[in-house]
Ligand code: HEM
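Let's start with one chain on its own, the form predicted on its own, as structure tokens.
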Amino acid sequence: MAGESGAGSLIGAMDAVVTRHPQVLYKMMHDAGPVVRTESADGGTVVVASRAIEEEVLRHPELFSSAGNSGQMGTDRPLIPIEIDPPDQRKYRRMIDPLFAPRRMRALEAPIEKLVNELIDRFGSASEIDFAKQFSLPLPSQVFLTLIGLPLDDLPRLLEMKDGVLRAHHVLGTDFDDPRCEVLKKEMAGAIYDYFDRALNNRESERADDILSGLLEGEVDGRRVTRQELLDICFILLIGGLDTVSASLDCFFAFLAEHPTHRRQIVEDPSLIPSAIEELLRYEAPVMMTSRIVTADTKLGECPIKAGDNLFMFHGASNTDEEGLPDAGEVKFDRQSCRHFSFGGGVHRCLGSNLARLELRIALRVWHSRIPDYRIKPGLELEFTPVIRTTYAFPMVLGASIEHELLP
């Protein structure tokens, strides 16, 4: 599988300290240089930790291919549109993008706000909750299932399949390079395809105002998309819809729980929330890295790289690159310009970014209007997963704490 050995080495090196506070790792990357290439028996591995270099990679999909990554999620075919290159990639994006257009997403604002309030209502008078299980997981999951047109009762099984693909080593309680991980990935990938095959069969006989129905009407090059193409699209929508916003909420609230001064800024001035979201996306980078395959011998900066190299863009490192953004190591909710790579960029910019921003904006606004004070349960250290930084347990204490509020 292209890129597997390089990815395994990098991910295997990420311990709990790195994934909880990856800015330390990013600083080490900056010190090592904007581009570092290493050679092993498995081939070359290139690590990018620079804003300027990442922009260059994203501008040239012909040199830095996404298609070469096909199969990393246990599938036998490239996932659409994330594992194909232009010009075909652009054809599929033209079909899919309208389903996530800003106008369509704005229509979800009232239902999302209602759901956020309902989730908080369920806390009742509790002084302690599990933020992950009671908020950051159910919120985006329910929004996604409603939007795509899937039963809420199916969520536990869908999460099981998603985790088996993304975090097989965690599910199995083993190392990343354990051969059993690939077996589980393939099993769960097949289960996802089977699930959506049945869901599409049901939707063909009864259309609705949802994404599944919209995809069934989709056309590429003047022809209706095939069932195989639909399955490849649905697969990646599931992975993104059930994981990345939850990860963002976990990262954001962990930061805010530990930084009461920043938290008070958005409590006292909710108009800062949109810019705070961009700043936290930049600094926390819920998706740590994405990869490409180099298609021809070339150079990035002063670093020669070779065809076939596995290239990894560490978005968090690029986002905190002082050469590209003054004071990049500081979190400023009133920053005037906050470009970041946390939604990717170029032809593969995240198609769900409009929905993600909407969910995050409503969640932060409603939560902090109702629960201005909270903290991580004293004595506990959150454990975040590598690559997509989420946590399975987030014990949170609700209410003010004098000792906690004395922190910076």
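The shown structure was predicted, so the numbers you read here are calculated from the model rather than taken from an experiment. All residue numbers are counted from 1 along the displayed sequence.
Just so you know, the form predicted in complex with protoporphyrin IX containing FE (HEM) exists too; it's not on screen, but the next bit is about it.
This chain is drawn without protoporphyrin IX containing FE (HEM); in the model of the complex, the residue among 361, 348, 375, 368 with a heavy atom within 4.5 Å of it is 348.
81 is the sole member of 81, 164, 316, 74 with a non-hydrogen atom lying within 4.5 angstroms of protoporphyrin IX containing FE (HEM) in the model of the complex.
With respect to protoporphyrin IX containing FE (HEM) in the model of the complex, the three residues 136, 192 and 392 uniformly fall beyond 4.5 angstroms at the level of their nearest heavy atom.
With protoporphyrin IX containing FE (HEM) omitted here, the record of contacts in the model of the complex names 336 to 344 of 378 to 386, 336 to 344, 42 to 50, 25 to 33, defined by a heavy atom within 4.5 Å. Contact annotation: residue 292 falls within 4.5 Å of protoporphyrin IX containing FE (HEM) in the model of the complex, judged by heavy atom distances. In the model of the complex, none of the heavy atoms of residue 131 sits within 4.5 Å of a heavy atom of protoporphyrin IX containing FE (HEM).
Though the partner is left out of this view, residue 61 does not reach within 4.5 Å of protoporphyrin IX containing FE (HEM) in the model of the complex, counting heavy atoms only. For the chain shown alone, residue 196 is not a contact residue for protoporphyrin IX containing FE (HEM) in the model of the complex, no non-hydrogen atom being within 4.5 angstroms.
Residues of 205 to 227 are not found to place any heavy atom within 4.5 Å of protoporphyrin IX containing FE (HEM) in the model of the complex.
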